[in-house]
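The data below hold one chain only, encoded as structure tokens and taken in the form predicted on its own.
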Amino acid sequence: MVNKLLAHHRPKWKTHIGFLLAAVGSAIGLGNIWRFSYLCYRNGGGAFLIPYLTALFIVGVPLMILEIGLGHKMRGSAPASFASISKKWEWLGWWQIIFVMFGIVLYYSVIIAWCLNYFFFSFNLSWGQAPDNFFANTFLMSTDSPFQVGDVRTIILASLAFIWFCNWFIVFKGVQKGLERASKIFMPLLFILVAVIVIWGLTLPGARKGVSVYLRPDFSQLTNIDVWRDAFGQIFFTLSLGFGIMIAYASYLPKKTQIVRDSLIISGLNCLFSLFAGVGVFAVLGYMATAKSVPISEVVTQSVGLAFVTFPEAISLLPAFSNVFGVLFFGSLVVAGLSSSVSIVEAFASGISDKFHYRRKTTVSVLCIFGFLGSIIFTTKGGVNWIEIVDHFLNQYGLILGGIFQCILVGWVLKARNLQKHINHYSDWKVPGFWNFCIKIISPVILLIIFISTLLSEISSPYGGFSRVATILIGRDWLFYTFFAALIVASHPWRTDPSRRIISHEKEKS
């Protein structure tokens, strides 16, 4: 009876397209717009697509199949799925969703808040003639050290409150009326906004020059190991792997579903969007370089500098309707950010509901309140320094380690072939035997190489020029605290043994 109730009450996607849009929305985030294009430019232009696509097919797609297949088979969140394999590994599921929820989404929501502020700044180009000074000194009022926290920036706090309200409202409404409905609005809107930016950008003088620099292949770069490391790292991060999101989303799928095909669609659309958005970014940068009569190399920047300094300057140089272009650009960033942040909240809420059977709406409400309060540290004058350190450590160490352990758990403890049989039973497109080798050997080895190379670099020189004390107390210890929290939560008993989900599912299959 309990098994039937669990199966009956677990939410499901109303439509298959709803699941695909939500999963693609989770994968497509701010990094697709401002990070991929820079990596492509820096690492050989069009030649970068060779290691990038290689990484997609031997790490990205195999891990996407793993997470969607695991969530579908176990009918639970990441903690429930891992606990169903082995209770000794439950901590891994909790660690993944805890440091993502109480780490990544805390500062990520603040960056979305910046985008929202700049959305309104675009109406009258508030950044003026010196967008770098405006961003650092007028808007952020940033301090020189993470230990100089300073006051909370009220303008950012107000936008942050709205972002967390959106996160709460969408996840509170549930899978069908919240996540699915929002994704059906957000994703078409995002694609339209980016398409307008790209087409508009390509009409500008110098656009061809910018796109040419973006995609011009330099095959000599392929001998550089750092290029391959960047490609594999970008694929892992951009697909939201290791977040616990795809596992939770897949647990809401119906019994009959196309796991392999969906994994290819989600991964492929994410990568195509990155490439397409990059055309728009470099078209505008090409125009900017032409307008200023300087080489492209002098206007290209990465990360937040591209979005909040370089692009505002480029927008100000547009011959007409510059404020409209600014509204479109920062509006697309807000939509891209929200589609990712709500998925993180959902992944954690799913884990809590699975284990403790708390009411979903209560869980989401409490979670978003604590999420908002936890984000406040990043709205201070020293917040940008905290963002840089926490982002680096959680992504480069937390996600990578989580991905390695996830491969070990599924590949060697569950046995990859057992998950392969499950996927092939329901999917018309079958998982090839090479997938087992990827999960057991190739993917964890590559992730381990990325981890070790980052660690060695960190030992020789502290990240970002910050002091070792700052990186240890803020970055490393953030990982440790979330790890201990995961152990504590994992030690609590389940209201219902998570492995019963598999039993009921296997009965359905037979």
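In case it trips you up, residue 1 is the first one in the sequence shown, and so on. Computed from a predicted structure; not experimentally measured.
Although not depicted, the form predicted in complex with tryptophan (TRP) is the subject of the following passage.
Listed residues Ser340, Ser267, Gln406, Ser251 were compared with tryptophan (TRP) in the predicted complex; Ser340 is the one with a heavy atom within 4.5 Å.
Contact with tryptophan (TRP) in the predicted complex, judged by any heavy atom within 4.5 Å, is made by just one of Tyr108, Phe139, Trp168, Trp228: Tyr108. Mapping the unseen interface onto this chain, Asn32 counts among the residues with a heavy atom inside 4.5 Å of tryptophan (TRP) in the predicted complex. Among residues of the shown chain, Phe378 is not one whose heavy atoms approach tryptophan (TRP) to within 4.5 Å in the predicted complex. Ile104 belongs to the set of residues with a heavy atom inside 4.5 Å of tryptophan (TRP) in the predicted complex.
Put simply, Tyr118 is far from tryptophan (TRP) in the predicted complex: not one heavy atom of it is within 4.5 Å. Look at 437-445, 57-65, 468-476, 22-30: in the predicted complex, residues with non-hydrogen atoms within 4.5 angstroms of tryptophan (TRP) sit in 22-30.
Taking the partner from elsewhere, no residue among Gln176, Leu179 and Ala349 has a non-hydrogen atom within 4.5 angstroms of tryptophan (TRP) in the predicted complex.
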